[in-house]
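Coming up is one lone chain in structure tokens, specifically the form predicted on its own.
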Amino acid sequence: MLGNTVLEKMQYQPHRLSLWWQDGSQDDFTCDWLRDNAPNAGYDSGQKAYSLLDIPTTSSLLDVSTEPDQLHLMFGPDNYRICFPLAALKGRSRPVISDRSECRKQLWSAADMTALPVWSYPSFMENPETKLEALERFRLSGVFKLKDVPCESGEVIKVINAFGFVRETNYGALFDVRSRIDPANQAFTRRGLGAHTDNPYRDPVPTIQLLHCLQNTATGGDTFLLDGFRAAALLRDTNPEAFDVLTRHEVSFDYQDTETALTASVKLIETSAQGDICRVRYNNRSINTRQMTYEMQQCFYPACRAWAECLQDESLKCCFKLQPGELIVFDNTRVMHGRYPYEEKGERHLQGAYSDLDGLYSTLYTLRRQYGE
């Protein structure tokens, strides 16, 4: 033992430091890493006050000593000294698991999501601890609902401003989803919409979508949500060849109207460096396969068909009818949405807007520091 309750033993060579912990794990570090990550060598924001080129190329470990919860290092050739808290080193040489990949999520199907997690709009807007609960649930499941939202235009923007920033697109800062006489987008009709993510033809894609129900007296038009990570995991289990094709090859999405021309080439399923699912896309209305080699056609169509079949699995869909005053927030890189057709009698009016995950996660992490356990 080295006089503390965390570190079991340590060993160093001129260009390597190895640490063994009481839980049996091990971390290894190079001189460059240790000097580059020296505590208090930058600004409060975490930005560094130096460049990697400021570290001597001949840097080496001259001495390492310990005291409870601390590790003291001295480097040559300049006798540079660093003191690390041991807690700042444990686990730092292991692969990063993205907070946005399937590994850090709770994947769900219809049986797991019999009702959406819901919070009161006034409490969400006024109580930071309520907001923290809702955003934590969003991080895990990719969706939450607010009730008692005033049925007034623009409330969806107020919700975004409570956790992040509005992502304005060619549809505007907010948009109305209702039947139109001469629509350029099928969303603005009474027809049903299959499971999809919004704006896959945009680079970068808006990563959060909100829908606020202002009026809904229509017969039909029920909304459904689907965990795209669960669907992709199902495809990986049942058809690994199709999963491999969709994670390796890009396909184009397009959208055009009289004032807009958008296109993006993306993978339908994206994985991290460790192979974990981290983003999904699908929108049958805007996929563009007009330019595709014969070899790609041969492998893409069976794989895409298998993916589309997964997204039609009713056991994955959480179905509900949005009521006036209800607002849903969902991750547009994970949670797919759609609706069933509705009849001409009655009115269905939703108002939508987009935001992005970076703002939401920033708010979440800040609230954790203030109100988390």
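When you see a residue number, it is the position in the sequence shown, counting from 1. Since the structure is predicted, the reported quantities are computational estimates derived from the model, not experimental observations.
Quick note: we don't show the form predicted together with a small molecule, though the next part is all about it.
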{"property": "Site check V149, K321 and V329: each within 4.5 Å of the small molecule in the predicted complex by heavy atom", "result": "no"}
{"property": "Residue (of L193, A242, V166, L89) lying close to the small molecule in the predicted complex, criterion heavy atoms within 4.5 Å", "result": "L193"}
{"property": "Contact residue in the predicted complex, chosen from V251, C213, V177, I160 - any heavy atom within 4.5 Å of the small molecule", "result": "V177"}
{"property": "Proximity to the small molecule in the predicted complex (heavy atom, within 4.5 Å), stretch among 66-74, 43-51, 343-351, 309-317", "result": "343-351"}
{"property": "The small molecule contact in the predicted complex: E102, any heavy atom under 4.5 Å", "result": "no"}
{"property": "Distance check, S286 to the small molecule in the predicted complex, heavy atom within 4.5 Å", "result": "no"}
{"property": "The small molecule contact at R35 in the predicted complex, heavy atom, 4.5 Å", "result": "no"}
{"property": "T271 within 4.5 Å of the small molecule in the predicted complex, heavy atoms", "result": "no"}
